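Starting off, we have a lone chain in the form predicted on its own, written out as structure tokens.
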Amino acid sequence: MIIIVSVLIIIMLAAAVAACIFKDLLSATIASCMVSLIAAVLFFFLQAPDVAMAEASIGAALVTAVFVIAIRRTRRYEE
């Protein structure tokens, strides 16, 4: 269990760094969605399924959808 959590935390940190580095805003949004999804999985491992469901539905799905709609209406690449 500790190995799985450690791997998830490393992947989460890599996705967070990637979200900061990407110049393509859609790629950064996808990377931040990965961070939210991994946080939801970690909450589930911590025996908090209600928090995990809220994080997955709001943090990953809803916020990502709002960001993608906003990116479609503006420029996709950061200058």
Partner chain sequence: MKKGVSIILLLILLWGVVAALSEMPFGKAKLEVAGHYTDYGKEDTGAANIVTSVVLGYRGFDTLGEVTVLFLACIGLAVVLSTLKKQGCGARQTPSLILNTGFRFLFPLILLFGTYVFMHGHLSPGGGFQGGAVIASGFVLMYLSVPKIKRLNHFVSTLFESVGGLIFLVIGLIGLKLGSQYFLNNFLPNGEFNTLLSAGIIPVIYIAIGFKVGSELSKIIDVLLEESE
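On a predicted model such as this, the values are computed, not experimentally measured, just so you know. Numbering follows the first chain given and starts at 1.
Omitted from view is the form predicted together with its partner chain, to which the following refers.
Its partner chain is not shown here, and in the predicted complex it never comes within 4.5 Å of any heavy atom of residue 76. Put simply, residue 11 is far from its partner chain in the predicted complex: not one heavy atom of it is within 4.5 Å. In the predicted complex, at least one heavy atom of residue 66 sits within 4.5 Å of a heavy atom of its partner chain. In the predicted complex, its partner chain lies within 4.5 Å of some heavy atom of residue 53.
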